[in-house]
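Just one chain is shown here, as structure tokens, and it is the form predicted on its own.
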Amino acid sequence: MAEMTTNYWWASESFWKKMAIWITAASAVVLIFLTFDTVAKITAGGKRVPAYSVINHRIDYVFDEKRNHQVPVIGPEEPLFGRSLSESEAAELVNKGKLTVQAKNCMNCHTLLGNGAYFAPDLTKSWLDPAWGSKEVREQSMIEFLMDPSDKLHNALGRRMPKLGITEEEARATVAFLKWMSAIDTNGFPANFKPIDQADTPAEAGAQATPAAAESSPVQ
């Protein structure tokens, strides 16, 4: 007596071939969508990654009760090196700083946005690091440190940064890149980071208030 065989549709070879094709096609569509969505979110000028001209403003890092972590806050105009740049000028300067960071292999020791090596400190919010002393001397301190860190006090102990032959032009560009990177919303990374005090001195507060007061005053 011949043995009866039951062929189920879900166990057929042709069914699984078709399923493989459909799943691969659907996955490709999802991957393409996610790629475009990610690119839009990480491109400068978006909600989380600000335009390069953000370096014309004060950047702070404060705790947000609603989100339960620290977030970047873009404050009043505070141009880098005392000169306000157009978007194209800022982009050129920041990109030069990024290229300098890459050329000097900074990620061999440091992390940027959490990526890189863990031998030296993360640089994501280094623009806001209190180690620079005060906001009044920060820019010059960073330039001098990048050009020659060998004789700097906070590079005297432990893991020391070597002199990398960075020119003043490259140092300025790197500072611009680090300031821009500090404005990126990284969902609270690094956590529990205490930023440098950027409160205005009485003289600075008065200088900022004067134009606004003048605009609101009636013409005599």
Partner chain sequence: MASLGVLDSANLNGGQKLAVKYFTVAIALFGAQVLFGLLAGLQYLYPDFLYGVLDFSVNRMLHINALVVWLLFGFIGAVYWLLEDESGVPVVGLALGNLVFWVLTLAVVVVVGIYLLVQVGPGEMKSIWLINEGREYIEAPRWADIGIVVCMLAFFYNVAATFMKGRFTGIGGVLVLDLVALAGLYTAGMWYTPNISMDQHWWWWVIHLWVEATWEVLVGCLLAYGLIKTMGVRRKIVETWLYIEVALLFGSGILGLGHHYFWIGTPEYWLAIGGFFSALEPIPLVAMVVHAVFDAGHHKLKSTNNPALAWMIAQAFGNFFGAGVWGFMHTLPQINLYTHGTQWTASHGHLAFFGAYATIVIAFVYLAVQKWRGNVWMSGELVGAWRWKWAIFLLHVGMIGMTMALLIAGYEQSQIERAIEGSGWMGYFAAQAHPWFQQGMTWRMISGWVFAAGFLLLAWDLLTIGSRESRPARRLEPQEAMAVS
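Remember, it's a predicted structure, so these values are computed and weren't measured experimentally. Numbering follows the first chain given and starts at 1. By rigid core we mean the largest C-alpha set that fits within 1.5 Å across both forms.
Another form exists, predicted together with the partner chain; not displayed. Remarks below refer to it.
With the partner removed from view, the residue among 134, 140, 88, 105 that has a non-hydrogen atom within 4.5 Å of the partner chain in the predicted bound form turns out to be 105. Looking at the partner chain in the predicted bound form, residues 57, 144 and 171 place no heavy atom within 4.5 Å of it. Contact check for residue 181: a non-hydrogen atom falls within 4.5 Å of the partner chain in the predicted bound form. Interface residue remark: residue 129 is counted as part of the site for the partner chain in the predicted bound form, having a heavy atom within 4.5 Å. The closest non-hydrogen atom of residue 84 lies beyond 4.5 Å of the partner chain in the predicted bound form. Contact between residue 76 and the partner chain in the predicted bound form is not found at the 4.5 Å heavy atom cutoff. Contact annotation for 159-179: residues with any non-hydrogen atom within 4.5 angstroms of the partner chain in the predicted bound form are 159, 160, 161, 162, 163, 164, 170, 177, listed in sequence order.
Comparing the forms between the shown form and the other one, the C-alpha position of residue 40 differs by less than 2 angstroms, with the core used for superposition.
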